[in-house]
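For reference, the chain that follows is the form predicted on its own, supplied as structure tokens.
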Amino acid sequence: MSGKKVLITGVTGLLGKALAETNSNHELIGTYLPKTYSIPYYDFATETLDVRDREKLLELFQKYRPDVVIHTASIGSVDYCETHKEETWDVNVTGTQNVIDFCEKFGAKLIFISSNAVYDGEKSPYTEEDKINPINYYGQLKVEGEMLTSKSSIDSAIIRPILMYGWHHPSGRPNPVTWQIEMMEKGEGIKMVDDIYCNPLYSLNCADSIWAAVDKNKKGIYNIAGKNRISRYDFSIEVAEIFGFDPGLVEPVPSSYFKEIAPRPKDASYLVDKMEKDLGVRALSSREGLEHMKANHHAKTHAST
């Protein structure tokens, strides 16, 4: 299949980086937040972009005329969203509407990146047909983005990744695995909740699923996750074992131990049947993903200067 011209917003995020690393035949254009990152190492065009800036978006669409836009750019901190509602609405919702507007104008397909935060965590494992009911503001913002995408006239797919891990951009935000590795490299113990469950998703496995949706021109909603449901504590034990740290450094605690600002779903795990059947991508178990991550340690500093 011939490649498409694909614009990835937020290419310096964990998923954006994974998409860049797993691309095989598409012409990529990546955007990143101005004054936040310097990414001269990518071998494709990159541009600074704040998705709230309609003038810059128009300029980019006129310049590159993408066939597909994979919209990963958003504010992803659940607690930050809860305490900065106006700003996060502007970025995560108004920014998404801006992207949709120009996809409509220029005839591009949209892949909107949502989250398992659209579920309340009371009736897992979830399929794409299950009722959405977010319990925090971040989840509400993702629902708004999904609604805008679904109601638009453009071809679109909605991807709902679950808790994602992998080697992040050198100046990017740590994820649960890289944070744990950094702590344990210092010999520091960590406390991890043993009453919250999910099926952790390796970032490259997620990227493969998105590229399958692009290549097969899929539409609709896809819940993307790892194969196995596991508690955050047991997942941290796997991280310690696979990366050669003492599992005794991980202490189980109830979620009530942490005084978080925004509520979190207790169990927003997925069934991955549609991911595997429709997209043809096998969901990796948490151990498989972690083993692959360890074997590809060079990606930790992938193409950094």
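Quick note: we count residues from 1 along the sequence shown, nothing fancier. The model shown is predicted, which means the values in this text are computed figures rather than measured ones.
One more form of this protein, predicted in complex with a small molecule, exists but is not displayed; see below.
- In short, of 228-236, 119-127, 71-79, 191-199 it is 71-79 that has heavy atoms within 4.5 Å of the small molecule in the predicted complex.
- This chain is displayed alone, yet in the predicted complex one of His84, Lys105, Lys216, Arg173 has a heavy atom within 4.5 Å of the small molecule; that residue is Arg173.
- Taking a 4.5 Å heavy atom cutoff to the small molecule in the predicted complex, the contact residue among Thr149, Asn136, Ser114, Gln180 is Ser114.
- Contact between Met164 and the small molecule in the predicted complex is found at the 4.5 Å heavy atom cutoff.
- In the predicted complex, none of the heavy atoms of Leu249 sits within 4.5 Å of a heavy atom of the small molecule.
- A residue is said to contact a partner when one of its heavy atoms sits within 4.5 Å of a partner heavy atom; Arg52 meets this definition for the small molecule in the predicted complex.
- For the chain shown alone, Thr12 is a contact residue for the small molecule in the predicted complex, at least one non-hydrogen atom being within 4.5 angstroms.
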